[in-house]
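Before any questions on how it binds or moves, here is one chain, the form predicted on its own, in structure tokens.
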């Protein structure tokens, strides 16, 4: 497809807030896209060259972008920067400066490939090379093309299109209906690369997707647990089941292929660099390929005490990781295995996968197995639960014995229970920031007084507001939050955001924070779970963590979670 035609479709996507219209527009795009171009087209729509775990970045900052625009259109860089500061959209700046109304006959793939070549540039003189490369791309495009290229480069494409919408559009484009979306999603859950999945779909058809298998070095979307409030509920749901430890650390999915080892976070970010001791231990293993699921925690080497998440995450922020590992050594607790020597285990029963873990691993100071029992007795679960809490752990995860590894799914094959579920609402909730309200009074200097936050509606692929959060952040965090959010601010409400409240500044739904609240209440102000004009809200929310770098927007708690927690809260109140 010509890039010019593609950009006209992007304009249509920008205009509509309706998801079905988005699906129809994208379906038309994908119907006109051939198998050589589909990977790059899907990635462009997702505002990425490749998924984050590939570590491929354009590396073009504001000043570099301004210089590229200036060079393309023979303007002064400082004038371009001034215009950018005034407008806040480098795409609009480029569109305004470009006098070409009809671009060259350039394809989407050629534009994508040219941007990819820029991303590969490194070393001495790379800054100037990147600027010249981007300038050359702009010279081939019309003013409309320049708008979308610069928005892509700056990470502000503003299409409001989520993964679910893209999958439904792919299904419709290739099969005529949205029904095949479930199969596409299954394949996506097994590799976390929608561009690659679309490539398989276009090259091998439906059969290629139906035969799709996991492979080392392509992270699997993690299996997630539902929640209940008592051991009796666990027994009712699962009967005899495995009771595993729930740890408060960094979700770590470990891949080995030959001598190469990579570790991915819950958010599928490559976190290999700050886990050198785990990498070295896995490299020693005599297996050609392996994929493990576990939790990584730092600990006190003298006492063996496990540190909480807030301490463990410090490893990610440090550059001198070898020195830090001396003060904050890391231990990986393995609780599942999905691949071993090229054989997929995800469809094997949990008990079989656990047997493989027991066969493969002996506990060491760096890698150990979680403690686990199998029982159908509530008193034994309670005893295990209490023991977990006494050891400083979060609680337990109950697992259905015959269950497969449900990649990317949250269901009752796994059920988590934490101490907080036995009280009204002291469990934490992960929220995505939708915008912010400017600081007033003593917070005027911070720039931010509160953030508007929401939860993810999986059915609608939208983010629904649930609360304003203005407590729990330190002065320094407010100031840092102001800078971070201003990098992703937009002029109008993003298409995937559904809220009645209007913040002073809208932002792209990207960053997740963790909060605690006194209770969940019904509210006509917030749209989470709204029916007949009444939704759900959090009473007295306060932040307990700063931005969760291990989670993306869709990893925030869902509307479904909120409804379940509301019901559990009501039951607790009745019992008390």
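All values derive from a computational prediction rather than experimental measurement. Residue numbers count along the first chain shown, from 1.
Below: the form predicted together with a small molecule, not depicted.
- Although the partner is absent here, residue 192 sits far enough away that none of its heavy atoms falls within 4.5 Å of the small molecule in the model of the complex.
- For residue 462, no non-hydrogen atom is located within 4.5 Å of the small molecule in the model of the complex, even though that partner is not displayed.
- Put simply, residue 551 is close to the small molecule in the model of the complex: some heavy atom of it is within 4.5 Å.
- Contact check for residue 245: a heavy atom falls within 4.5 Å of the small molecule in the model of the complex.
- Using a 4.5 angstroms heavy atom cutoff to the small molecule in the model of the complex, all of 225, 335 and 418 count as contacting.
- The stretch from 406 to 414, 93 to 101, 381 to 389, 133 to 141 that comes within 4.5 Å of the small molecule in the model of the complex, counting heavy atoms only, is 406 to 414.
- When the small molecule is considered in the model of the complex, only one residue from 331, 399, 496, 147 comes within 4.5 Å through any heavy atom, namely 399.
- Distance criterion of 4.5 Å from any heavy atom to the small molecule in the model of the complex singles out 370 from the list 370, 366, 231, 312.
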